[in-house]
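Next comes just one chain, in structure tokens: the form predicted on its own.
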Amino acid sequence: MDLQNKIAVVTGGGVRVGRALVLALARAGCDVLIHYGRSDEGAKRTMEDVVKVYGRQGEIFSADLATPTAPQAIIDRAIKTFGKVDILINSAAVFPNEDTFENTDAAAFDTLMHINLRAPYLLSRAFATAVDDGTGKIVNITDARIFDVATDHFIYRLTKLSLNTMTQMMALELAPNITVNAVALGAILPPPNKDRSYLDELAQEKVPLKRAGSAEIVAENVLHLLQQDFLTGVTIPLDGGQFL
């Protein structure tokens, strides 16, 4: 796919990895609908960069992905603003600090499942119906923890494992006109309550390449997937070999 003048939708596009994805898409020539949940200021700054730095069109749209009507509203807004959609990046997710087998209640379970799994499914379904000429690209942002069975972040892991399986299932379902791929993130950014030194120490201890990644590395690999016409159902592990 030539990305010039394509229309992309990025969920969670106001901050962190989502922001890097939006800016990379704009730099490649895309106009972008930037969805956000609560990061209003971040979304506004990201849109300003899309317009002023890269000369592309940007639109921000706030929606609670835990609400079942939000995914359709996001795609509808993109169509209303730009007239079509070509690319969907399912980036938004919830990552709770405390998420164990014992302490996760039904409400927390539902929130994680709704935002991390149901929303990408509903977004992808709405996107598949709306894409121009029935062709398009979907990339899901998942987690390299899926390659390692463990019990920390119990429900979060379940959502990302399911999203990875759903990537493969949708690749079959939506072929031949829509490709569906994923990137699985390892040590890319520190948690919101930690600084870069925390991530660098973690990388030295656990990552074979002895260094952390970056949001820009994620963006480079997402662009690679978007530009391929013979890849679908693929998950690229961006973990520096941590989960080999």
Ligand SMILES: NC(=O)c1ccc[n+]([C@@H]2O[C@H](COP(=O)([O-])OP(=O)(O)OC[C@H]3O[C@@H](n4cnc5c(N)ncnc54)[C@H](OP(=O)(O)O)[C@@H]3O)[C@@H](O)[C@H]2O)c1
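Counting begins at 1, following the sequence as shown. Note that the structure is a prediction, hence the values are computed from the model and not measured.
Missing here is the form predicted together with the named molecule; even so, the following discussion is about that form.
Quick one: does residue 64 come within 4.5 Å of the named molecule in the predicted bound form, counting heavy atoms only? Yes, residue 64 lies within 4.5 Å of the named molecule in the predicted bound form.
Even though the partner isn't displayed, in the predicted bound form is residue 160 close enough to the named molecule, meaning a heavy atom within 4.5 Å? Residue-level check for residue 160: yes, a contact with the named molecule.
I'd like to check something about residue 15: if you look in the predicted bound form, is any of its heavy atoms closer than or equal to 4.5 Å to a heavy atom of the named molecule? Within the cut-off, so yes.
Would residue 167 sit within 4.5 Å of the named molecule in the predicted bound form, counting heavy atoms only? Residue 167 lies outside the contact set for the named molecule.
Kindly indicate whether 30, 60 and 137 are, all three, within 4.5 angstroms of the named molecule in the predicted bound form, using heavy atoms. Negative, none of the three is within 4.5 Å.
If contact means any heavy atom within 4.5 Å, which of 185-193, 202-210, 52-60, 171-179 contacts the named molecule in the predicted bound form? Checking each option against the 4.5 Å cut-off leaves 185-193.
Contacting member of 123, 141, 85, 112, with respect to the named molecule in the predicted bound form [4.5 Å, heavy atom]: Partner contact (heavy atom, 4.5 Å) among the options: 141.
Contact set, 25-45 vs the named molecule in the predicted bound form - heavy atom within 4.5 angstroms: Contacting residues: 35, 36, 37, 38, 39.
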